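A lone chain, given as structure tokens: the form predicted alone.
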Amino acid sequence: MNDTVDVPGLMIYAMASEIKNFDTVLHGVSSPLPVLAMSVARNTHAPDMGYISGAEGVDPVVDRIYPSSFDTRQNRNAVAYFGLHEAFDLAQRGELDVMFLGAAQIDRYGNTNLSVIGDIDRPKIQLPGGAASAFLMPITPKVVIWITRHSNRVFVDKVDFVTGQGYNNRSEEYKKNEVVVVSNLGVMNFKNPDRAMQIQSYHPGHTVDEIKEKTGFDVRVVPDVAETPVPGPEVIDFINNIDPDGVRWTEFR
């Protein structure tokens, strides 16, 4: 990481940029970066977005984040309460626009793993599970996956277990949605005929070659690859104000 760059702030800004005004957006468990990204978007370019909190509040006033993204204090002044299970119906009706998901492993076609490392019958590591990943990933118009440690142990040729379905595991009907990956090194997408991962941008202080070296498969590069836009001081100040305890840094330790 480049010591001159606020890496969490850069990732949060990149994630927020994937949200458009009037989008309905959902974050799940263990999601400090998505909480901050959704808050940045709502307070900058997407004031009319619909914010659905994992803590089950709709359009809450997030004036501070806490170690748990399910902390009910993040529901202050919510306009309504929306059970997380109802998000499944929302997505099924086509009324959820963006979902943030994490991954312990991801492969060239966007398959994600949050279940086990190693053989399913004798796993080396038991992971927490995908919760909504298997259901929501194929049907949500845009899925933003955030990964704070870009390495060839995370970006693998083949995931040990498919928790969330990538493009090669979907029928043509479900290949129309958009998957974006934001890591601590850059931003990746799948906008090509094969729906294979490609580098969209590299973060300041990093390079395309570094991303390729730390990816466990031959990742492609878009022709117009460029440096990831950097958030201005007002965005960093906003993040610092609602995260005075530095909760966002816990994902990088």
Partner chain sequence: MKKVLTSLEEAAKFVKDGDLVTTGGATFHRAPMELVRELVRQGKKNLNLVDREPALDFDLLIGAGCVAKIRAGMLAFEVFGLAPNFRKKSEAGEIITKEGACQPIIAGFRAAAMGLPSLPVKGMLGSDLLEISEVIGGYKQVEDPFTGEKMIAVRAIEPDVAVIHVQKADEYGNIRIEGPVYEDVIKAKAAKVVVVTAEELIPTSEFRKMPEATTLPHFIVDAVVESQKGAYPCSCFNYYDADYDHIKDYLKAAAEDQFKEYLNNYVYGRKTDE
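Owing to the predicted nature of the structure, the values given are computational and were not obtained by experimental measurement. Residue numbers count along the first chain shown, from 1.
Although it is not shown, the form predicted together with the partner chain is what the next lines describe.
When contacts are defined as a non-hydrogen atom within 4.5 Å, none of D157, T215 and I236 contacts the partner chain in the predicted bound form.
A residue is said to contact a partner when one of its heavy atoms sits within 4.5 Å of a partner heavy atom; L26 fails this definition for the partner chain in the predicted bound form, lying far away. Using a 4.5 Å cutoff between non-hydrogen atoms, H85 counts as a contact of the partner chain in the predicted bound form. The partner chain is not drawn, but in the predicted bound form it has no heavy atom within 4.5 Å of E210.
With a 4.5 Å cutoff on heavy atoms, S151 does not count as touching the partner chain in the predicted bound form; it lies far away.
Contact with the partner chain in the predicted bound form, judged as any non-hydrogen atom within 4.5 angstroms, is confined among 218-226, 199-207, 183-191, 41-49 to 41-49.
Contacts of stretch 111-142 with the partner chain in the predicted bound form, defined by any heavy atom lying within 4.5 Å, are made by S115, I120, D121, R122, P123, K124, I125, Q126, L127, P128, G129, G130, A131, A132, A134, F135, P138, I139, listed in sequence order.
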